[in-house]
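Next up is one chain by itself, shown in structure tokens, the form predicted alone.
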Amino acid sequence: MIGVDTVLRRAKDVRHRLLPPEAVVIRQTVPEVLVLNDVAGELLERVDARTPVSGLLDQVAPLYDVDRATLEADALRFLTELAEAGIVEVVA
């Protein structure tokens, strides 16, 4: 399970671009293109194999008018979905 102390990296076959107000994710090994909202795109942009989820939230929180508890719950759910889809991988 992904928690605030989890460190993630993008899968090797994932390419993405922020195109505000959305982000586009392309998987090179499967015929899949995803379109993410801006918050999801900002989170994925910051996944770096070093920063725990709590650090990602620290970076993203000032960009949006949302309380921390809501952001954290939504981000953990979203990142879990990305992990299940093979877009991100757990490092630690």
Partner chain sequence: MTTFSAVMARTWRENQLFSVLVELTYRCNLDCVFCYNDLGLRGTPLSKAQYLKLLDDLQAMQVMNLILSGGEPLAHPDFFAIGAAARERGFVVRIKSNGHALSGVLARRLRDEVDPYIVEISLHGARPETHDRQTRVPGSFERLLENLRGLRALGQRVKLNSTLTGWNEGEARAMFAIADDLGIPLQFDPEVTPRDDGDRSPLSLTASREGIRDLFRLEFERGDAAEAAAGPRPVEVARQADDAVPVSTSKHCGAGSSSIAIDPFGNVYPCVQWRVASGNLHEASIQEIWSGSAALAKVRQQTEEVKGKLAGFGKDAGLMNFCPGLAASRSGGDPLAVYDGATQRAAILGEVQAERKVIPLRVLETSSR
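Positions refer to the first chain, counted from 1. Remember, it's a predicted structure, so these values are computed and weren't measured experimentally.
Another form, the form predicted in complex with the partner chain, is not on view; read the next lines as being about it.
- A heavy atom within 4.5 Å of the partner chain in the model of the complex is found for one listed residue only; from 66, 63, 49, 26, this is 26.
- Contact with the partner chain in the model of the complex holds for none of 71, 74 and 77, as no heavy atom of theirs lies within 4.5 Å.
- In the model of the complex, residue 16 approaches the partner chain with a heavy atom inside 4.5 Å.
- None of the heavy atoms of residue 58 is located within 4.5 Å of the partner chain in the model of the complex.
- Heavy atoms of residue 84 never reach within 4.5 Å of the partner chain in the model of the complex, leaving it off the interface.
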